[in-house]
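Here you get one chain, nothing else, as structure tokens; it is the form predicted alone.
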């Protein structure tokens, strides 16, 4: 689909705001719904039945941030649509997150403060809707990063659509109804394995109205957690990510996956990833060190590691063995 209509709006994030550290997360596995270069992110989006091509351009500084958002569409969009879209983008991208207390709290921490200064104004976010985030969480389960990339691409090619705009061709996610009408066997033919059942049942929960993303945003953390855990095939690790990225719970840190256990053991205790420290010890460490902001603080440390991986000429060998892209 070629997107020919273009609308431009200005977004003013709350300072400080680090554009590139927010708009690019090098720990995310690569997917064909987005592209990035310094100062620019392209991202497709489905919103209110429209398929959109977004382009975020950094036109400010960390201290005085400003973003030019270009919105491409097939159909001409009215002002009410643009206003609602702007509110949604502001929420998903955490553009109004107040980092004052977080920065004040940890600016004197001898080990953490250098990372905090380096990435001043960075924030977690979700580029996707809750449904899309759950689809990504499902393809990430129990496999190498390369396999996850291949599964999501197969789903894009079968159920999504490619959008052409601003000299880019990127895929957009499918509507839940499109997969709801497919059979589990059709999904398995795309080599997603046992995840076909999870994809079908989570999709059905959205189609049948059992999950309402906007309503969930207004509920308590416990209510959000309970609703997500009721979804077939969605476990505590995925829920932990969702509570932070989708629902902005900055102290959500109750679970550590085996993969993360290896990385945290090396980062914080300099232990061999193949002989990691216990999860209980890791949780006690984070509770003591970053109470109140556990998820947000770990996000800074995690992203710092993966930015180093991206920009170092020599790879971090122990990390490469764990990523297996």
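Positions refer to the first chain, counted from 1. From a predicted model like this one, the values you see are computed outputs, not experimental measurements.
In what follows, reference is made to the form predicted in complex with the DNA, a form of this protein that is not presented.
Contact annotation for residue 116: none of its heavy atoms lies within 4.5 Å of the DNA in the model of the complex.
In the model of the complex, at least one heavy atom of residue 195 sits within 4.5 Å of the DNA. The DNA is not shown here, and in the model of the complex it never comes within 4.5 Å of any heavy atom of residue 221. In the model of the complex, at least one heavy atom of residue 147 sits within 4.5 Å of a heavy atom of the DNA.
Stretch-level contact analysis of 157 to 165, 67 to 75, 89 to 97, 137 to 145 against the DNA in the model of the complex, using heavy atoms and a 4.5 Å limit, identifies 137 to 145. Contact here is defined as any heavy atom lying within 4.5 Å of the DNA in the model of the complex, and by that definition each of 191, 234 and 237 is a contact residue. The partner is absent here; in the model of the complex, the one residue of 36, 285, 259, 269 having a heavy atom within 4.5 Å of the DNA is 259. Checking 250, 102, 131, 241 for any heavy atom within 4.5 Å of the DNA in the model of the complex turns up a single hit: 241.
Taking the DNA as it sits in the model of the complex, the stretch 5 to 42 comes within 4.5 angstroms of it through a non-hydrogen atom at just one residue, 27.
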